[in-house]
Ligand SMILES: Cc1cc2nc3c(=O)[nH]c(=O)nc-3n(C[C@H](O)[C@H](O)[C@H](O)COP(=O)(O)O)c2cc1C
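Coming up is one lone chain in structure tokens, specifically the form predicted on its own.
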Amino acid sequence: MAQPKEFPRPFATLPEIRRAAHARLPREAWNFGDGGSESEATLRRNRRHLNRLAIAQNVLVDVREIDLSTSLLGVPLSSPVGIAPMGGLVLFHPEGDVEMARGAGKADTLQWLSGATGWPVEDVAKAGKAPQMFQLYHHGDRGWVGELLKRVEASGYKAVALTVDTQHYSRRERDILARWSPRKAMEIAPNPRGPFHDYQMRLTWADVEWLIKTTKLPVGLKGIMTVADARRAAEMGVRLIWVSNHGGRQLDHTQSSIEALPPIVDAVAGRAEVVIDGGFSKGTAVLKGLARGAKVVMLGRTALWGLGADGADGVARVFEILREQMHIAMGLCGRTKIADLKPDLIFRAD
């Protein structure tokens, strides 16, 4: 069997990291990470709608000092970008979520741990040296969730976000065509999955009310794509509105995240903080999400390719490059701090 192509370290660009991951990973794992649902129209739309936005080029501003620091839910962050929660990391590195936590620590980057983690929440928390928050899949009844949340709180996670867009598991046709089951493949990880993965089909707003009353942590909802849902969440005390179409992996032919963002920010009107994911893969894209009102931008696949290419070092290198990209782009558009990134910085240029 031919050995995967070796790439020089440290990696020079994000596309080089992606190519290295593609060369090293088994085809099924690559397709699982890279693909979307059905025709993958939503996946492509996320990227296309980011690319059609332009950044205003403001000059003659003193940009010798540029500050990327921000915060989320009161937690200080060294930059406005974090690692989105992803299940199945054992398919991309033998130590999966734990190795991703090590990479986040090296990069001093916020990590959202997936509720489908292959390792106990305690193990991932111990491995991480950067802020960590927890994404909840309601894969069991309230008793099961309550016990899990006690462990999450005790482990030091700073917030919990319930994913609400997985009422059904979508048709991931790359996996279907390969006759390959991601869930079966993930069973090699030591942490068992929740007892009832279809429980989320029955979730309602009453479950959000219960969650807010049950945990001490700030509660967010991940998978909000409409003004009505965002407004209702904010009115009932949800602290974090996560604009996401699951990276194009759930409802095909839905709206892009970046287009859903501005009206949701307006509707929330400061009553909750807003974050976003979906198609963000470079520093300039992150600036677009921030300028349109997101407090922090979450990256999934871009961090995943770092993990697949070179473990924790690959993850750290991804965010080193991203920060350099953001720093340079902010200087070239005449902005020196995150608060300066306003809607008027971005315009549509097809």
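Start at 1 and count along the sequence shown; that's the residue number. As the structure is a computational prediction, the values presented were derived from the model and not from experiment.
One more form of this protein should be noted, the form predicted in complex with the named molecule, which is absent from this view; the next part is about it.
- None of 287-295, 53-61, 29-37, 314-322 except one has non-hydrogen atoms within 4.5 angstroms of the named molecule in the predicted bound form; the exception is 29-37.
- Residues 85, 301 and 304 are all found to lie within 4.5 Å of the named molecule in the predicted bound form, as judged by heavy atom distances.
- Although the partner is absent here, residue 247 sits close enough that one of its heavy atoms falls within 4.5 Å of the named molecule in the predicted bound form.
- Using a 4.5 angstroms limit between non-hydrogen atoms, residue 135 touches the named molecule in the predicted bound form.
- Within this chain, residue 102 is remote from the site of the named molecule in the predicted bound form, having no heavy atom within 4.5 Å.
- In the predicted bound form, residue 279 approaches the named molecule with a heavy atom inside 4.5 Å.
- None of 221, 152, 145, 116 but one reaches within 4.5 angstroms of the named molecule in the predicted bound form through a heavy atom, and that residue is 116.
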